[in-house]
Each structure stands twice: as C-alpha cells, then as structure tokens.
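Encoded as structure tokens, the following chain is the form predicted alone, with no partner shown.
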Amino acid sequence: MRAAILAVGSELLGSDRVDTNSLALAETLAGFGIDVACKMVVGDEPDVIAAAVERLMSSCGLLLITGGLGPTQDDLTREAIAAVLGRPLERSDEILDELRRRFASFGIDMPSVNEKQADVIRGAEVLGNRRGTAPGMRIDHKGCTLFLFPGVPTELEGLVESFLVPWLAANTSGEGVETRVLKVACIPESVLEQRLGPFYDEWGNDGVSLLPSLGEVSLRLTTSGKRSERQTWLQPRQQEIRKLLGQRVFAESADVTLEEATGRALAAARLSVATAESCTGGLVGERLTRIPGSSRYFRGSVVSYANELKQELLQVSPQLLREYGAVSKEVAVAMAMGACRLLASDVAVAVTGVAGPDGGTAAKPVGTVHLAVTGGSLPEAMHRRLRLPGSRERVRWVSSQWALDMLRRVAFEITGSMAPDGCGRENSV
C-alpha cells in the first residue's frame, strides 16, 4: 500500500511553524510497513486543496489529510474534498447536538460558526473527536481511502490511536518497522558511544543510532518484520542498554521531556523543590512548571541575577561573594541552601555562571557554570562545574538540562534507588 500525506494550513507555509503532524503520521505508517510516497503542504485555498487531493488520490491507496476542519472562514478542507469527490455536504443533527452539549459543559453557548463542523461528506464514516470540536472522517472513493483529521496535534493523536491504527492493523499484513527510543541526559555522544562498547560487543550495532541534541542524546533501536519478530529483536536489546546505562536513561519514549521525567521523579519521592537562578534567568523553574500537576512538587523560584539580591533574598554571605565570586561552587551551594530556607522546600537547585557573550575572564571564561543541589536529606551538597561552548542561549539551555537532571537523580538517591554518578567533577560538554 502506498500512502500520501497532505497538510492543509497557510500558517505551515511560513517560516515559524513546523508540520509535526506529517512526521507523526509517517511514523505511524512506518510501523505498519507502509511507504509514504508523497508529503505535501498547501494553503487554505479550496482550488489548491482540491488539486492536491485529486493528484494524490490518483497515485496512492491511502491519503491522510490534516487541517482545515475548524469553524473559521479559512477552514475549507471539507468543502474542497466534497467538490473533488462529487459528493454533497450533509449537516448531522447528531454531531450538532454533541457540539452544543460540549459547549454547554463549559458554561457557554455554542457560537453559530461552529455549526459547520457538523457538516459531513456524504458516505463518510464520522470519527468522533473526544479532544476537540472537529470530528474527523474516513471515506472510501474509487480505490483510495481518505482520512480527514483536525490539525491540532493532540486531537490528531487521539484520532490516530482510535481510528487509523485499528484500520491499518486490519488492512495490512503485519509487516512493519518499529523503533524504541531511550533518552539520556547530559552525556556527550562520544562518551555514550564508548559506554555502549559492551553492548556492541554482544549485539553488534545494526539498527542502533544516536541522535544528539542540546544536553541530551536519543538512542534509537530500529528493526523491521512482523510484530512478534520485532518484539523478539527489540526487547532484549532495550533491556541490555537499560541495564548498562542505569538511571542515565531518563525516558524510554521519544515524547517524554527531561522536565517531565524530573517531575515524575520528584513526585514519586514526594519531594518539594525550589530553584535559585542567576545566568538561567528562571529557565529551570519555567521548565519545571510546564508540566501539568507541577504544583505537587514545585514551591517557587528566586531569580537573583544581581549580587545584592543573592545576599538579601538568599542570604549568601558577602564574604563568599568577595572571596570566590558569584560564579563559584561556594556561592552556588549557598544559593541552593538559601532557596531551601526561603521557600521551605525539601531540595533546591542553584545555577550561577557566565552565559556570555561577554563577561568572561581568564579564570572564569564564558560558558563557566556552577550548579548545586542541596536539601535536608542529602548528606552533602551535590555540585557540578561545567565549561560549555557556544552561544548564550546554548549555555543557558544546557545549564537547565544539567539542573533538571541533577534534581532527577537526587530524587532517586533520596528514595534509595540509586547513587549519584560522578557529582563534584568538572565537565566539558
């Protein structure tokens, strides 16, 4: 089966949006051994949408379309496809009633513009959307199956899981490609490659790839075949890498971020956390609070950029600042201890450094960062000294990665699950 993906949305033709929906759909198709013959992105113009649909239907047996199912005037995918197929749009009273009930549950009357979302192409199967107001559709037409999905990624994800995946399972041979992802934080790609030496000696490196990004590496295991064969290949290799790397692995899913993994660890350990930040300017606290439910563990943040605020808010000794300077182990530890006291948290992380592009010295060049984690249950403060190359934003981001990963590992240490690995040494990343 050959497939094509059509993403509809004028915003996707600019420079500030990435078409992540097509990537997600391509990954789903690959899991069932389906080749994607073509991906297209078109604007919200009925003639352009219709021409693209007509062209893709002529060469593929499966066409997945995202976007243009909303209530606004530029949402025209239904109308364009109905015209191409020569089928009328019919308003569904059942969908209309469901839309009104949904809006009523929010305590508001449904705007009249949402009524168009109850229009269904004749002969289409309606795909109920539990996460939004735009139902999807599946249509069989002259040897091609079309799926229409909303463009909101979370809504697309729900419909793919509920409707596309079961359809693919019933209409394919079971052959496919499958990938497992293990994510590791704060290890350079070359160091990780070296640590995997015993794994390569036993299993070889076929199907193994390392994909580095700022402050983390995704290790991917990929194989093909029938599902049972894929499981037989993947399972022992994933377990062996997990055993080899231990708690260095912070996630076994491409979708889990480091802040999410850290939040889970803190919640599981029932630890409250505070941050004291200088060069990161609140980035660590911002990332921790991206996660729904972070109020279970996050107490607050002190952004003490100026030295006088380090003294006044965090009670950092003026003598420490004079003797060691703001960018030092001693001040980082004092900042973390001050945040613990001020914000009444179980643990706290502090970051102080020279993010650049100016401000460095021979002794403390740009990219020098000190991090510390302290708390009542820790026998002593954990400390990292980093020397980070690159731009100001790179230094800030990678510093936040280290801060989050130190918190995650402390949560495991306090619960007795592990010991910290090499804290206290200098790191060049």
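Residue indices: 1-based, along the sequence shown. Note that the coordinates shown come from a computational prediction; the quantities given were computed from them, not determined experimentally. Between two forms, the rigid core is the largest collection of C-alphas that superpose within 1.5 Å.
Omitted here: the form predicted together with a further copy of the same chain. The next part is about that form.
Partner contacts here mean any heavy atom within 4.5 Å of a further copy of the same chain in the predicted complex, and among 381-389, 25-33, 61-69, 360-368 they occur only in 25-33. a further copy of the same chain is not shown here, but in the predicted complex it comes within 4.5 Å of a heavy atom of residue 301. Contact check for residue 343: a heavy atom falls within 4.5 Å of a further copy of the same chain in the predicted complex. Residue contact with a further copy of the same chain in the predicted complex: residue 103 places no heavy atom within 4.5 Å of it.
Shown alone here, residue 12 lies within 4.5 Å of a further copy of the same chain in the predicted complex, counting heavy atoms only. Taken together, 140, 155 and 414 are entirely out of contact with a further copy of the same chain in the predicted complex: none brings a heavy atom within 4.5 Å. In terms of contact with a further copy of the same chain in the predicted complex, the residue from 73, 228, 295, 112 that brings a heavy atom within 4.5 Å is 295. Of all the residues from 33-47, those having a non-hydrogen atom no more than 4.5 Å from a further copy of the same chain in the predicted complex are 36, 37, 38, 39, 40, 41, 42, 43, 45. Core-superposed comparison between this form and the one not shown: the Cα of residue 60 travels 2 Å or more. The Cα shift for residue 388 between this form and the one not shown, taken after rigid core superposition, is smaller than 2 angstroms.
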